[in-house]
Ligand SMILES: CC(C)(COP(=O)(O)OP(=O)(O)OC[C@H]1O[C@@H](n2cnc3c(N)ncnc32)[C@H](O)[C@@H]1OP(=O)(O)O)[C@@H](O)C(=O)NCCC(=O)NCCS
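Quick heads-up: it's one chain on its own, the form predicted alone, in structure tokens.
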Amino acid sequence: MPLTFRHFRNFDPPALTRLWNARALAPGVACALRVHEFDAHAWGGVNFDARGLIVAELDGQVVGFVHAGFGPDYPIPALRPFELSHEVGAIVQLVVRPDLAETNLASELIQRGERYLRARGARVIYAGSLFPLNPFYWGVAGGSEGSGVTTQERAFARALAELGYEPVSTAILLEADLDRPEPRDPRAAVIRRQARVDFVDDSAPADWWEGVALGDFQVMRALLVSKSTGAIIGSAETWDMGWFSRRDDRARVGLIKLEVVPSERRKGHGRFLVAEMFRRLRENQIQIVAAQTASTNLPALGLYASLGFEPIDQSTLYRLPAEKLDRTIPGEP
């Protein structure tokens, strides 16, 4: 029986979850997911369109799927809730059965994802999930934020290269082991006299897009506040990455949205803030902190290295060249 392709149906989640869990364990992917867990972050959101999830079947068995979708315009808080931009789309996720990884199945699925995006109005197509083109899978794939196609997703990356996609950016995925001794910071004593760190243990989402992605995870927000003026110097958040911890049974959170106001940068405030967060996390029995940043962001990489973070993987965001946008799928009109 030849391969057949169709859109998502309501009875697909168990088969798609089994296919997901059959993948090799990778640092940036949650494993051993239950159906309801995967459902919540893959196709359970209000922005899900069944036409954008294309399933491949062989002999009546689900053997692969591709998921394409859209993100919002920016800045998100200025938009109406659930308002998406259809000019730019993304091939967000692709999974094929391991024994079919060397076939052309991945390429065929990606091209069907492209066709869906074009039909909805996309004139620019990316591959890989990177904010704000992260409509699905944040919380189950891509590490702490979602950043593209990781080195472990070989079938996905190979198919993109065969189809002419070009890499446009690379992110480094990092982890810090909180069981190791804390690196000494000579500026910490001075900063501690000038500023305090306030924690919000169950912080509300910053906007509706973050609420869709992380609404069912506990988020902790930390604010570095000037003691003399009360002004916020910097901030950061962590979210519970418990599902990613199943591969090594070590409690894990993701560090996101680390920011220091421009006038206070390069003074040690970012390092101090994260170090204080580490102490709070250790008190809560967290063992691993995951983070990521662009490979070109040397200051951020230096900061993370000073805090004991080490690279564990990297991911790449791809873009389809404009001249290939309107190609047709072989064998179809």
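Throughout, we count residues from 1 along the sequence that is shown. Quantities reported herein were computed from a predicted structural model and do not represent experimental measurements.
Absent from the display: the form predicted together with this ligand. The rest refers to it.
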Exactly one of Glu259, Asp248, Glu162, Asp73 comes within 4.5 Å of this ligand in the model of the complex through a heavy atom, and that residue is Glu259
Students should find that, of Gly52, Gly270, Gly28, Gly64, the residue having a non-hydrogen atom no more than 4.5 angstroms from this ligand in the model of the complex is Gly270
Only one of 277 to 285, 42 to 50, 55 to 63, 291 to 299 has residues with a heavy atom within 4.5 Å of this ligand in the model of the complex, and that stretch is 291 to 299
Subject >> Heavy atom of Arg187 within 4.5 Å of this ligand in the model of the complex >> reply: yes
- With heavy atoms only and a cut-off of 4.5 Å, decide whether Tyr304 touches this ligand in the model of the complex. yes
- Query: Taking the shortest heavy atom distance, is His36 within 4.5 Å of this ligand in the model of the complex?
  - Reply: no
